[in-house]
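In the form predicted alone, a lone chain appears below as structure tokens.
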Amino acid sequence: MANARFKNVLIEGVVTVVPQNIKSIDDEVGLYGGNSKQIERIKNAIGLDKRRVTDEFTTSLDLCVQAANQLLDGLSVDKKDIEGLIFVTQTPDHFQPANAAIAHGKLELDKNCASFDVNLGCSGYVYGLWMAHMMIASGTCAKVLLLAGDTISKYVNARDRSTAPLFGDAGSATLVSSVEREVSSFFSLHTDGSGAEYIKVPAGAFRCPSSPETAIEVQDDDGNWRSKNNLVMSGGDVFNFSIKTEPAAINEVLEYSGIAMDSVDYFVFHQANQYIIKNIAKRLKLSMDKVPCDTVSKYGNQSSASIPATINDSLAEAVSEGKKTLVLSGFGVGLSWASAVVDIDKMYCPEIQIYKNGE
């Protein structure tokens, strides 16, 4: 099993930035044939409501750089002390160069800083934390800056009701540091590539390059419109995957850590939708007081940034005031899933920030 334990590595702070532009499912009643009652059912059952989306000029890089600047300023960190930069995203500015290299330049980090991208979505934040912990545990770095962000709204078709009302955009920054005091973190990571077709953008890279043909929109049997350049998701398969794998994953990482379920202060899941999160919590017999799930209704499914966004949105006060034990778990595109048990000790954690152009 891909399990790992680390000592003397601590998450010092998390900042999340979202765009200014708010969209609401109430304004998209046309997607549902004008059926306002169906809109209410979706809001109540799945938890979809509002989401934040970027304009055509703003990217995940912009959101993450603003988050990083606030994080480093808030913690009074000398940028020369950042020895590693990981950028988790599936919506980079370019195929080449890596977002990490561009962010490195914008942040004016030292040249002695290892920087690279990770192409993962829903599980990407926990994977990124695992890599940051490894870089520190190996002795390579003392401080690693983890940027995780996506603008999935740019991939979805506005006439596809299976995806358009769901995805929001966000960028986050997390500082992971070596510390002298005793602290342990535990990780468990998995992949099932047999489900790679369940969440996919068919065209745009080298297997199927974008062309006038891939931009042609067609209607599926459910009345959704999309082209091969748009995100397509098999909702039923993703739901079944989530509720099957996540309870087992949480039990696995807790058993590996030796930490009892009751000793965990909060369980922070990827904000796929409220229905999935509540089903996972029910199967684990968790109190919803320990499972924040309102973030998706305010900001949408934010892909790689949804876990840090939930921490900033729902737990800012709690994690800032003292030591807390958190279980973090992301699941989705790949298919991949990753879970971690981490201790937080008076972490720098402001509420979610709004993106300001030019910062």
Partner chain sequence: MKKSDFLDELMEIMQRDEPLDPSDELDSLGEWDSMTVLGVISMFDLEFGITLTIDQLKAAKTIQDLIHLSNDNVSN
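Positions refer to the first chain, counted from 1. Just so it is clear, the model here is predicted, and its values are computed rather than measured.
If you look for the form predicted together with the partner chain, you will not find it shown, but the lines that follow are about it.
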Candidate stretches 45 to 53, 298 to 306, 64 to 72, 323 to 331, one within 4.5 Å of the partner chain in the predicted bound form by heavy atom: 45 to 53
Close approach of residue 239 to the partner chain in the predicted bound form, 4.5 Å, heavy atom: yes
4.5 Å heavy atom contact, residue 222 and the partner chain in the predicted bound form: yes
Heavy atom of residue 275 within 4.5 Å of the partner chain in the predicted bound form: yes
The partner chain contact in the predicted bound form: residue 178, any heavy atom under 4.5 Å: no
Contacting member of 183, 114, 196, 243, with respect to the partner chain in the predicted bound form [4.5 Å, heavy atom]: 243
The unique member of 235, 97, 202, 105 whose heavy atoms fall within 4.5 Å of the partner chain in the predicted bound form: 235
In the predicted bound form, residues of 280 to 303 near the partner chain [heavy atom within 4.5 Å]: 282, 283
